[in-house]
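Okay, so we've got the same protein chain twice, two forms, each given alone as structure tokens, structure 1 and structure 2.
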Structure 1
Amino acid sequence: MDELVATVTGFARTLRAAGVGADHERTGNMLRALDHLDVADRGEVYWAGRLTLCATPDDLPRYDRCFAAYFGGRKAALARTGTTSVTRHLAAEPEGEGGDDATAAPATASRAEVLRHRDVARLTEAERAEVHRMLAMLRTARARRLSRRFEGARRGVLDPRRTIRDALRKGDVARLRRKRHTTRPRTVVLFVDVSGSMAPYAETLLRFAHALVRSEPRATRVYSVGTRLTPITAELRHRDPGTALNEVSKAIPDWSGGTRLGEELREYLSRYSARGAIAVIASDGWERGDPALLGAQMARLARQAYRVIWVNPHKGYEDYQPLTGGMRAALPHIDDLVAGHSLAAFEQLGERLAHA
């Protein structure tokens, strides 16, 4: 193999190991770019690679590290950080009082009904697995909004294109055809708090998120929050909930830390937009950061989003009062504060998203 080709392919491999999506096609592009540049010029080689192999600003610092390491004479030992599984993260959490009930019989209707209303944090492993199986089958509809696109209809505005077609076929402009706007599902942006205090609920919430993504793949975006904002929609697209959760657990770097929701929402709002979407925040509101910052970001979110729903596991209890600093700061900017502790609560939330 040509030396240049070998060098570039090796470099792309190093980048892939560091998490940059420098695939085959992109590697080819880098080679094509080098056709026009001076391969002896370090600066030009740097840019040829950066312009063709990177695709997001997140790629850039990784690219710089790999470039320095690879073209600095030694190959970087940049492997992905070791993977950990959700179950291990949650292993430290209190088990349900029932002990392990590994040989659980298939749920009877009444038992399922009881399970639906139980707090998932207080279930045995087997019961929780049962709830997760039911969650995996949950399919939620989504509220729809008018799109800018048109479809033919009996009533609506004039459709000149079809009127002309008709007129041609029939020989005269006999009948006016009409069209109206189609509808699209409203986007849901879901933030799942994976900090320490939410650990008993995190897995169930992520499974609920999986069900949402599976129901409306193009109109659902999911982020984990804790000490940093991590997009996890792509990971949740796997058909199998177990695989999806495993991928998610690899992607999230800050399991069971504290919560800095204010900062993370600010990051979200400065990078992305929730315009017209239903924003759902699943958190107990134990904010470690400045509650004033959280309040200000919630105000911004509320101005952008169509609706803001806060899901708090503790809301499921009658004596619950939203008294934590974070919750109090966020409260004025929330449209609905709902429970999120049981399967029934998730089903209700799904209903709400269908009719928001």
Structure 2
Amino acid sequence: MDELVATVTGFARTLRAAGVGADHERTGNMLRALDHLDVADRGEVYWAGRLTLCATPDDLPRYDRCFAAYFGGRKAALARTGTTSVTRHLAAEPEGEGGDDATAAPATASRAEVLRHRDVARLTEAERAEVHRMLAMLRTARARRLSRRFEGARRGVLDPRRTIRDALRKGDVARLRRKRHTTRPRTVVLFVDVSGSMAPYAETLLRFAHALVRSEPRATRVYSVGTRLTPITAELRHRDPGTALNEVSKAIPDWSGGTRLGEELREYLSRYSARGAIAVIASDGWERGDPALLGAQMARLARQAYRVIWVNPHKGYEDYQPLTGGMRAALPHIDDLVAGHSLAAFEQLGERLAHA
């Protein structure tokens, strides 16, 4: 039963990352539905999830993509084994026999769940390609901020213009019109370190950046940092991740060089603004420049930005200590220091951006 719960909750997390509102209540409904179905039948698992986890027509294509990626491409079991209690069914499963069709879906899902937590720098090419496929489906919501625009509302401040216009049209003040500020997604400014020390993570970070741009095209700005500051948002707007990465590779002139983040942040702050934005820096902090300069620019960035998040791939390990000169200089000006080494870490970062 624990394995089934872990599988279903992991699938729900994948759906939430793709933009489907598969909350805890819907996840519980799917588990209750499976308790009356044959969990070895891939078709029954599919429909149990589709009917309980999806709420809008937009959810359906996302659900299909996530189901195919999470439960693998194997054919469903053709023979129904009969309605069986989930608990009894799992208890009857022989250990170490994961090769037949009856156990294909849970076994594949378990592998996917394990893969979500593994360091992308230690994956095989095939495993990394699978993680990148799941990353391409990541759709993150974005924290919202009040805009200067107003919209009509039942509650809010008095809207005298609409009230008077109604009165002129109807000859009487039928009711007082009210308005409130609209909201818009908070801008994310992402800096991706493409220096030599970040080479094992750079491609995955750029694919995460592609997912962010695809989720909120107008509220995401991405720059590569190394020895030069290079804007790459336009290249990442291409729908296909492979094509986008090819365009990015052509645009970045300083792959696998050193890191002069202090100088590049100074250039960014002199040319652009991060006012009100969430600033995300993805780097291991191996600064080749002056750490004091990096500290000063981080202080400027923190004063402008709504929140500063530093994504360090090494933060995913329990014994990690921020001992590099760059990290020690930046640390006083960071709101959140988070991991960025696995698919699960990127999903958590997406959740953080949605609730910042």
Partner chain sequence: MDIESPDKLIELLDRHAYLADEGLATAVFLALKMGRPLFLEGEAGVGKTELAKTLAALLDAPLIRLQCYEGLDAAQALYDWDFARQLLHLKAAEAAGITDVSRLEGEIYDRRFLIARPLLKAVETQPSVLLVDEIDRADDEFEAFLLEVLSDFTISIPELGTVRATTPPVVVVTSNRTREVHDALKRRCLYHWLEHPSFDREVAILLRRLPDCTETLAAQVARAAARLRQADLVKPPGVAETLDWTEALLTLGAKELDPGLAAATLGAALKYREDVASVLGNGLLSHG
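By rigid core we mean the largest C-alpha set that fits within 1.5 Å across both forms. Numbering for residues begins at 1 and runs along the sequence of structure 1. Model, not experiment: these values are computed from the prediction.
Undergrad: Deciding between structure 1 and structure 2, tell me which is the form predicted alone.
TA: It is the second structure (the form predicted alone) rather than the first.
Undergrad: With both forms fitted on the core, check whether the Cα of Arg26 differs by 2 Å or more between structures 1 and 2.
TA: It does, since the Arg26 C-alpha is displaced 2 Å or more between structures 1 and 2 after the core fit.
Undergrad: Just checking, between structures 1 and 2 and with the core aligned, does Asp319 shift 2 Å or more at the CA?
TA: It does not, since the Asp319 C-alpha is displaced less than 2 Å between structures 1 and 2 after the core fit.
Undergrad: When the two forms are laid on each other by their rigid core, does Val45 show a Cα shift of 2 Å or more between structures 1 and 2?
TA: Moves: yes, 2 Å or greater.
Undergrad: After fitting the core, how far does the CA of Val8 move between structures 1 and 2, in Å?
TA: Value for Val8 between structures 1 and 2: 63.8 Å of C-alpha shift.
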